[in-house]
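We begin with a single chain expressed as structure tokens, specifically the form predicted on its own.
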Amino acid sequence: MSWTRYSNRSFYLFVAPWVLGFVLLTAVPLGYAFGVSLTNFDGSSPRWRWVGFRNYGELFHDQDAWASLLRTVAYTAIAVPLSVAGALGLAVLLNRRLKGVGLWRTMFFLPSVVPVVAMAIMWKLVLNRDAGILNALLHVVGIRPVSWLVDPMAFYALLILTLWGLGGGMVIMLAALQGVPAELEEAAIVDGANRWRVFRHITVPIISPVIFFQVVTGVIATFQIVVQPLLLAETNSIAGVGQVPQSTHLYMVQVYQEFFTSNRFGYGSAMLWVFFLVILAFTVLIQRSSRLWVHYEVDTDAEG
């Protein structure tokens, strides 16, 4: 009995920091944001009043908000598969016994540790129409300068910036690949399977839980992109925030403008709460679909 009590105390002691952090950093801000979404608070004036669900009703008829949401979903649908496939491809390539493979792994991983602001400013310089190195290289091969930071190319510029940091996913995929039993792949090759069939029918199913993790975290992260489109917008200064092109005017950019340009904290909070529910819905959808393509060593359905 005393051992049970000791175990219970230990359990609550170990989970207490997480529970405390969740309550203070997640549950309380969520509740506060929901409360603000029911007001016309402008961020500074003490004269705010209760408006009920009027902000949500206005959001339902806001064509700009819905357009930015659809644009965000489309961007996520393109960026996440490319990021996961790119990380997996790099991991497969660097899982081989190559000369200087450690150096190659380091080179591909380093961009993912660069702060996102520094990376966005760097790519803003690289993609500059008149002084960027990318257009200079294209000029060498006879291609005219491209306006990367305005519509419609701004969408591809943002995609390049997103894919530039796939080294972090590559490391996770690499760790998963090194956990695949070599004897299974060798047995399949002995039975006549080629490399592609071994990869498709043995390697991918075994690492599918890791791919699932990458997809879920990638979707959540891509939905919340806001700094990159703001910093890639063309301005007279390098790090200034200019007019965001329509093709990269994502949902969080719209939220940012409602908060810090229009000072509509109540309406912006309502947008964030709706966005939270949208992300939650997509996460649940992916979780449900995982039953069709994710393979676990333990039968979770049987355990439940």
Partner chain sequence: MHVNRQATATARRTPVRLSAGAVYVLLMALAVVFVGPFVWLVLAALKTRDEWAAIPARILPHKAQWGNFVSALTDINFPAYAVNSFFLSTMYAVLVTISSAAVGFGFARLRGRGKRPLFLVLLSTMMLPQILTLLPTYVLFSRLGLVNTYWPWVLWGLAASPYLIFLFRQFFAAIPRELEDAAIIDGCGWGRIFVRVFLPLSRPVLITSFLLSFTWTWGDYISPALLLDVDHTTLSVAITAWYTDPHGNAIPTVQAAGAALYVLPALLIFLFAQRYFIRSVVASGVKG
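Positions refer to the first chain, counted from 1. Predicted model only: the values in this text are computed from it and were never measured. What we label the rigid core is the largest C-alpha set whose atoms superpose within 1.5 Å from one form to the other.
From this point on, the text means the form predicted together with its partner chain, which you will not see here.
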Even though its partner chain is not shown here, does residue 205 get within 4.5 Å of it in the model of the complex, heavy atoms only? no
Touches its partner chain in the model of the complex: residue 51 (any heavy atom, 4.5 Å): no
If you check in the model of the complex, is residue 66 within 4.5 Å of its partner chain, heavy atoms only? no
Taking its partner chain as it sits in the model of the complex, is residue 105 near enough to touch it, meaning that at least one heavy atom pair lies within 4.5 angstroms? yes
Here the chain is shown alone; which of 118, 143, 85, 78 has a heavy atom within 4.5 Å of its partner chain in the model of the complex? 118
Contact check, 245-262 vs its partner chain in the model of the complex, heavy atom within 4.5 Å, ordered by sequence, gives 252, 255, 256, 259, 260
Is the C-alpha displacement of residue 280 equal to or greater than 2 Å between the shown form and the other one once the rigid core has been superposed? no
